[in-house]
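Single chain ahead, written as structure tokens, the form predicted alone.
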């Protein structure tokens, strides 16, 4: 039995017309007998709209109640898509995250998956049904509804693909795969046919919005290949492979303005606890610590920071290439505040207002 997992993001299911188009795409996928589990996000901006409702009620809503509220969005999508498939005489059933066996820790609004119990999903697949699963959510061992934070639907799809032994996990969005940079920032960007999961993880940690860190890390650690595809447009997408990719220069460059830099008292000072803050550690150099603020609960500490990250197999060890990119930044009169390179990564901290220009400069220097 060939099993695939597909995930459809909010922009792919933002209207009833698009849900019908997704249903047609699913019908084509299962026409050859493929067993298919489909993970869906909330329609369009539904999650933000629900969050706005909560904030209109209280300045600091309880995170448990936020999880109860925000989990509704994906449930709407899963039911509508199952209805659309049944209207096409395709057997389908919708399941919440908890019904699908997604077990998480106790952290509300930023939970981590600790276990997957896929028996119910497997039973439906064996009966020839398409299983539509609400992404972004699970249930804790204390039987509390939890949500997985930024990129949570991607994480749901990948952990299910691993648990089901799927051939691969297809992440469907309005972008045709992974590009060498954001084309809105770097017009010369090109789509990559393939990346290693190590490269993809480094890009996601560098701020690339098309990839989400927890999902890519889980895929790498559990040997799950990912196909990043456009839901509706033409194009072959990008395969994120479990094997290392031979490469000269950088596979991609990304700029991240969603950071803050915190100065610790000394280079050997312990990190403050990030538990419950929604902040994520990105890197530490001596007493300098960079934190990702995208999922922060409340005001972020430190000063706003922007970092350009270049990623490629062994790039951080290619000193001549990294030095050439640093020289290009200097010649463009773009001031580098701090810089480092290791493994597959080279990075440069710049002023937030210089981020786009620095991203273009590094891309021109390192991407062939």
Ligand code: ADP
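Everything numeric here is computed off the predicted structure, so don't read it as measured data. Residue numbers count along the first chain shown, from 1.
One more form of this protein exists, namely the form predicted in complex with the named molecule; it is left out here, but the text below deals with it.
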* To do: Note which of 208, 145, 92, 224 lies within 4.5 Å of the named molecule in the predicted complex, where distance is taken over heavy atoms; exactly one does.
  => 208
* Which one, 259, 175, 113, 163, lies within 4.5 Å of the named molecule in the predicted complex by heavy atoms? -> 175
* Please check if residue 197 has a heavy atom lying within 4.5 Å of any heavy atom of the named molecule in the predicted complex. => no
* Within a 4.5 Å heavy atom cut-off, is residue 219 in contact with the named molecule in the predicted complex? -> no
* Asked: Does residue 105 reach the named molecule in the predicted complex, with heavy atoms at most 4.5 Å apart?
  -> no
* Asked: So, in the predicted complex, is residue 181 in contact with the named molecule at a 4.5 angstroms heavy atom limit?
  -> yes
* Pick from 284-292, 79-87, 118-126, 183-191: which stretch has a heavy atom within 4.5 Å of the named molecule in the predicted complex? -> 183-191
* Heavy atoms within 4.5 Å of the named molecule in the predicted complex is the criterion; list the residues of 10-29 that meet it. => 10, 11
